[in-house]
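First, one chain by itself: the form predicted alone, in structure tokens.
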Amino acid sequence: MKHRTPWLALLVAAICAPALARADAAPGEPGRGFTAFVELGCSGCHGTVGQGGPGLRLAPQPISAQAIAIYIRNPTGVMPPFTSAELSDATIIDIQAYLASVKPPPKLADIPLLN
């Protein structure tokens, strides 16, 4: 497996940060984010509600859109990279809004069958 150098992640952050900072001022649209999450294949590894599976758990309480963009553009492990031509910053903001809209699961004590 090829490892990327930390300076590359910093370069990606420097390039993405201005656009994402402006876009973060306007919240994303969870409905569009869900559609993109499924159509781009994110749900195949991260689950339809970001609960995880082969990929990491992303929701509830996802990381910022800027942090998501940095990782998406320069992933480690087996996740394929997505360029800005394949996945716009606006779509990343929508995906983050969708993940942020996911409600946490109920506490075990609140599930009648388990009591």
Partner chain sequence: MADRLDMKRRGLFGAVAAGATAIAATGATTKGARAAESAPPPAAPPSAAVKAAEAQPLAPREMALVGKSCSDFMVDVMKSLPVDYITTMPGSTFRGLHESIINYGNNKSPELLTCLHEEVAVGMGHGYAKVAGKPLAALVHGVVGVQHASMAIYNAWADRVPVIVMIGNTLALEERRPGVEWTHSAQDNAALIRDFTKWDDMPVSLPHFAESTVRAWRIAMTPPYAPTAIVVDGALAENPVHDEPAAIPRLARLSAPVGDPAALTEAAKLLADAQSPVIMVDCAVRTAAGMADLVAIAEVLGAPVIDKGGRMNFPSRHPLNGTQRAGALLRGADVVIGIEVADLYGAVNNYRDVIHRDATPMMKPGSKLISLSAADLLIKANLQDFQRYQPVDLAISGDGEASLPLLLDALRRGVGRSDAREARAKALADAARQAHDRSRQAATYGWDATPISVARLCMEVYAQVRDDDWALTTGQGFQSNWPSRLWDFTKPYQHIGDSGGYGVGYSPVSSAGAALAHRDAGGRVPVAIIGDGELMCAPTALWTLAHHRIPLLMVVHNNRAYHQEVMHVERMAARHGRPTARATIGTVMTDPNIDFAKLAASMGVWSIGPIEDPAALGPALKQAVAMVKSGHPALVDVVSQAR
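Numbering follows the first chain given and starts at 1. Here the structure is a predicted model, which means the values were calculated and not measured.
The same protein also exists as the form predicted together with the partner chain; that form is not shown, yet it is the one meant from here on.
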I need to confirm a contact call. Of L56, L40, A67, A90, which residue comes within 4.5 Å of the partner chain in the model of the complex, counting heavy atoms only? L40
Give a yes or no for G77: in the model of the complex, does one of its heavy atoms lie within 4.5 Å of a heavy atom belonging to the partner chain? yes
If you check in the model of the complex, is G33 within 4.5 Å of the partner chain, heavy atoms only? no
Applying a 4.5 Å heavy atom distance criterion, does S84 contact the partner chain in the model of the complex? no
So, I63 and the partner chain: in the model of the complex, are they within 4.5 Å at any heavy atom pair? no
Restricting to 85-115, the residues within 4.5 Å of the partner chain in the model of the complex through any heavy atom are E86, P105, P106, L108, I111, L113, L114, N115
